[in-house]
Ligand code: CIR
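Next up is one chain by itself, shown in structure tokens, the form predicted alone.
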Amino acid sequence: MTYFEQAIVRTPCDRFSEGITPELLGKADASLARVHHQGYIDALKASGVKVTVLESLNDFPDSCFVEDSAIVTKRVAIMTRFTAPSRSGESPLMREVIEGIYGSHIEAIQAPGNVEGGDICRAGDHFLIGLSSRTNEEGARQLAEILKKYGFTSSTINIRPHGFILHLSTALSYLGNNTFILMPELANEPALEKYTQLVVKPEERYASNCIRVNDAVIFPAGFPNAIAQVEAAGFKVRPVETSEFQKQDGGLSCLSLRIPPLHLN
């Protein structure tokens, strides 16, 4: 399992509820989102991760979902390219932060390619790339070439037939030990055949998005069946509150860039 040494997060802004995704479960409360965000930071720290907290960006309501802006690996950081114009201004701001960590070891997706980091799920040195409304074929092709250049492998999963799934990471998460937790809609995907699958109940689909961080799986609170599945599979679970992020169709993976120890040549 990949060990994570540091993470980058960004505080939810006052305009958090004005993000791209329409209200799914009522209007999000920005103040409560910040409380939950601090709980998320505390969980990362409890897992042994050094956390860099970036200031909120009121011009960009979705900017706390930092995972979408970059793909970070032990050898290279890859700047993504947003589909939504309202988020494009986040990219140069995040690149400044990434350059402080990776220096010149940075690649970028170029037009007409689009990739959002939420469509990428890493299982060791293999990357699953979701084809979605936010990540197109050209973006996936460019990303696969970059990953191959740095010694990684990749494969694609088309989630477009499942219109309610925003990003690939909305629907599945790698827990380590050759195991995925996932929504039932992806249980028959050929790219997942070799893995053990923990399939959540339909009413607990949201729990498919969680993050294995070193010794524990940081997990959304309030999904007892899914938590029991993960614990029965031998994983330690660290629950955190996520209600306000759920209202904006955001999950735990969206809220951080998790960086392993670097091996830059």
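Just so it is clear, the structure is predicted and the values come from calculations on it, not from any experiment. From 1 onward, residues are counted along the sequence shown.
In what follows, reference is made to the form predicted in complex with citrulline (CIR), a form of this protein that is not presented.
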property	result
Residue stretch of 143-151, 102-110, 166-174, 72-80 approaching citrulline (CIR) in the model of the complex, non-hydrogen atom distance within 4.5 Å	166-174
Partner proximity in the model of the complex: G130 to citrulline (CIR), non-hydrogen atom cutoff 4.5 Å	no
Proximity of C254 to citrulline (CIR) in the model of the complex, heavy atoms at 4.5 Å	yes
Proximity of P12 to citrulline (CIR) in the model of the complex, heavy atoms at 4.5 Å	no
Close approach of T242 to citrulline (CIR) in the model of the complex, 4.5 Å, heavy atom	no
Full three-residue contact with citrulline (CIR) in the model of the complex, heavy atom 4.5 Å, for L44, R212 and P220	no
Residues in 62-92 with any heavy atom within 4.5 Å of citrulline (CIR) in the model of the complex	D62, F65, E67, D68, R87
